[in-house]
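We begin with a single chain expressed as structure tokens, specifically the form predicted on its own.
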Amino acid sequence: MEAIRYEGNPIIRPEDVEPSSEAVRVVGVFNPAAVQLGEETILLMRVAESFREVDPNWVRVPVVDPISRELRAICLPRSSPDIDVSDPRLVVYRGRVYLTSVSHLRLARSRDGRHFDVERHPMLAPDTAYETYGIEDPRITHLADGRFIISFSAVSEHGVCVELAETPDFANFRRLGIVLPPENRNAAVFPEKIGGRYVMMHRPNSEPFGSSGIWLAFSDDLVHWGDHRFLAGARPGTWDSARIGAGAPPLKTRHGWLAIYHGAALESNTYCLGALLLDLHDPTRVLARSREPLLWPVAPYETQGFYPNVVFACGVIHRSNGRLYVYYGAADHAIALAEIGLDELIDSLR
């Protein structure tokens, strides 16, 4: 079965987002976390910014100074034989890898889940030596005690780490710090404890020994994580043959934990969405998995953009009518919405 795209897609574009300063431009707004707070739908979006071009002979790489917390430019000669700009996301110069943009996290709010007002200023911005290349791809988990746990990737010259923060109200935030070291990303915390412990999905890099897959980790305090277990990996010859990673935090159903995940194909590197169904009491047990993707890039805003042929979900909301609203990044450029019936999805997996 296939999720149904909202006819008004994309729902948020780069031009809808105010740049954080006059020196930069917004090149992408994508991969949003999502949560329902009363009558309000909240998105926590990844906003990618790059320096405005001043001289075409130079590549201006944005980096956050860990001391001043200000954005500065590293200027690299575009004509140098030592520079590689073939990937729009990266600049490789003399063996060192930089990002072409720096990301922060920003809020958007809606009363209907479709039309959003974007806040003018970043909610969470790069702030430490482990975030100098930006913070990316958030997920939001609403715990039973009222706290909202935000997981995201912290990127720097040291690699990609998993970091957590918490907020009671989306106005005051506290960083819990780096909880998983490089190379790791795509972390999503379950909304309740299982067997007395917090549970988190994450994706360590397993290259060159195999394809990267989804693991589970367990914690007593949200800070110290261990007892790591492999959950699911790529499947040769399928739509998720290259790598897979967690999407939104798992949703509890009477049939099991439902987890939307992304997968990339080995041949085309096309990113699609699928689903896992996990045992309620033992989430290391996979009960069912999508044979075919729920959503794959076909719309122009998914096949064309900053990084083409990508649908990548970090937020899912279960609506009162039984439908799932899946908020996803399209081509690393804009935010789109698709919906699918929860019961239909469970039936297709079973």
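Each residue number is its position in the shown sequence, starting from 1. Being a predicted model, the structure only gives us computed values, none of them experimental.
Heads up, the form predicted in complex with another copy of the chain isn't pictured, but that's what we're talking about next.
Fill in: Candidate spot Tyr133, Pro204 and Phe218, all three touching another copy of the chain in the predicted complex (heavy atom, 4.5 Å)
Per the other structure, all of Tyr133, Pro204 and Phe218 touch another copy of the chain.
Worksheet item: Using a 4.5 Å cut on heavy atoms, which of Pro181, Pro122, Pro168, Pro88 is close to another copy of the chain in the predicted complex?
Response: Contact with another copy of the chain in the predicted complex is made by Pro181 alone.
Discussion item. Between Val160, Ile194, Ala265, Leu71, only one gets a heavy atom within 4.5 angstroms of another copy of the chain in the predicted complex; which residue is that?
Written reply: So the residue touching another copy of the chain in the predicted complex, by this definition, is Val160.
Practice prompt. From the candidate stretches 255-263, 74-82, 145-153, 220-228, select the single one in contact with another copy of the chain in the predicted complex, where contact means a heavy atom within 4.5 Å.
Written response: In the other structure, the partner sits against 220-228.
Discussion item. Please determine whether Gly237 contacts another copy of the chain in the predicted complex, using a 4.5 Å cut-off between heavy atoms.
Written reply: Contact check for Gly237: no, nothing within 4.5 Å of another copy of the chain in the predicted complex.
Discussion item. Whether Arg96 contacts another copy of the chain in the predicted complex should be assessed with a 4.5 Å heavy atom distance threshold; does it?
Written reply: Although another copy of the chain is absent here, Arg96 would touch it in the predicted complex, with heavy atoms inside 4.5 Å.
Worksheet item: Is the gap between Ser211 and another copy of the chain in the predicted complex 4.5 Å or less for some heavy atom pair?
Response: Answer yes; at least one heavy atom of Ser211 falls within 4.5 Å of another copy of the chain in the predicted complex.
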